[in-house]
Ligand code: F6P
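Form predicted on its own, single chain, as structure tokens, below.
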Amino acid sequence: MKNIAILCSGGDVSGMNPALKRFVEYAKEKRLTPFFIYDGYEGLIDNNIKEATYSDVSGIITRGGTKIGSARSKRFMQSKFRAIAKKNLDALNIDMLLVLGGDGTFKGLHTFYKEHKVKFCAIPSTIDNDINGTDYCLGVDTALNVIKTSVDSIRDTASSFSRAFVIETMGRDCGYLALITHLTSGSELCLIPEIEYELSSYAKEFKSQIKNGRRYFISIISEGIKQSAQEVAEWFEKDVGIEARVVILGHVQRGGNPSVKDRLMAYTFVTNAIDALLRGNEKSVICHDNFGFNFKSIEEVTGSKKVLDKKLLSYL
């Protein structure tokens, strides 16, 4: 029997635990011995690697986060620690890896492969949805549903007090979460890093809307824009003339019971990833778009910045 391991790196997402469950079950179905690497690349360096059993994944499909932990490893950026990681894999005869993470995780994995030729398949797993080459990353649907619930609740108090609310989503330099939330929440303003804007251009229209009966505003902004949420709120008060409040959603967006879509995506991501490794696909990222699942080289995925759908951007 061959040995295969899985690790989670970078920010956790809802969907990782369903992925771990499918990993153990499908690996055993394929007569592979599954191993968990705990705490990401840090655990790989520290040899925190254990054979996984059915009991390890019992009851975890409903839980957000990741049972095996995650981390951002500065040590893994150094070749001497990557060499230690390789020795730990060799000692357990593990020659195949599934890696769940985002762009930084994949860049480290690429370097690891170039140095030590450890076969891998990477699964895009970040609520930012900022991985080049894939339209969907694990965890995004759950995050969007968490945001939806929050925005819907905030709307209740916004309408009651005739206020503007500035709601900040995660995303780093990618405005995907803010854009999709804006299009599906009926908010009046959306600011994302991908589109240049001047707040002054909205003032006249918003004042006109107030005169014509608008009692409140919902503004969705991405954390990567040029102004802070507090600055946008101050603009609402000074230039538009409406009391404003700020809500930073923060890390609540990462957690929560995984949605049906993320459970299904976890199942199919992992199944296809293991099949690809068994077919001899050694250094790929499994991606998903309108044509279904496909595989791209790690070089293609990490070599360019993600560009949001132009049609969706045109709606702003």
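Residue numbers run from 1 along the displayed sequence. Computed from a predicted model, the values in this text were never measured in an experiment.
The same protein also has a form predicted in complex with 6-O-phosphono-beta-D-fructofuranose (F6P), omitted here; what follows describes it.
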* Asked: Would A19, D141 and K261 all count as contacting 6-O-phosphono-beta-D-fructofuranose (F6P) in the predicted bound form, using a 4.5 Å heavy atom cut-off?
  -> no
* To do: Scan K204, K117, K148, R72 and let me know which has any heavy atom within 4.5 Å of 6-O-phosphono-beta-D-fructofuranose (F6P) in the predicted bound form.
  => R72
* Structure fact -> in the predicted bound form, the residue from K30, K67, R254, H288 with a non-hydrogen atom within 4.5 Å of 6-O-phosphono-beta-D-fructofuranose (F6P) is R254
* Asked: Does 6-O-phosphono-beta-D-fructofuranose (F6P) get within 4.5 angstroms of any non-hydrogen atom of L89 in the predicted bound form?
  -> no
* Asked: Taking heavy atoms and a 4.5 Å cut-off, does G108 contact 6-O-phosphono-beta-D-fructofuranose (F6P) in the predicted bound form?
  -> no
* **Close approach of T126 to 6-O-phosphono-beta-D-fructofuranose (F6P) in the predicted bound form, 4.5 Å, heavy atom** => yes
* Asked: Just to confirm, L179 within 4.5 Å of 6-O-phosphono-beta-D-fructofuranose (F6P) in the predicted bound form by heavy atoms?
  -> no
* Structure fact -> Assert contact_stretch over 204-212, 234-242, 164-172, 150-158 against 6-O-phosphono-beta-D-fructofuranose (F6P) in the predicted bound form, heavy atom within 4.5 Å, equals 164-172
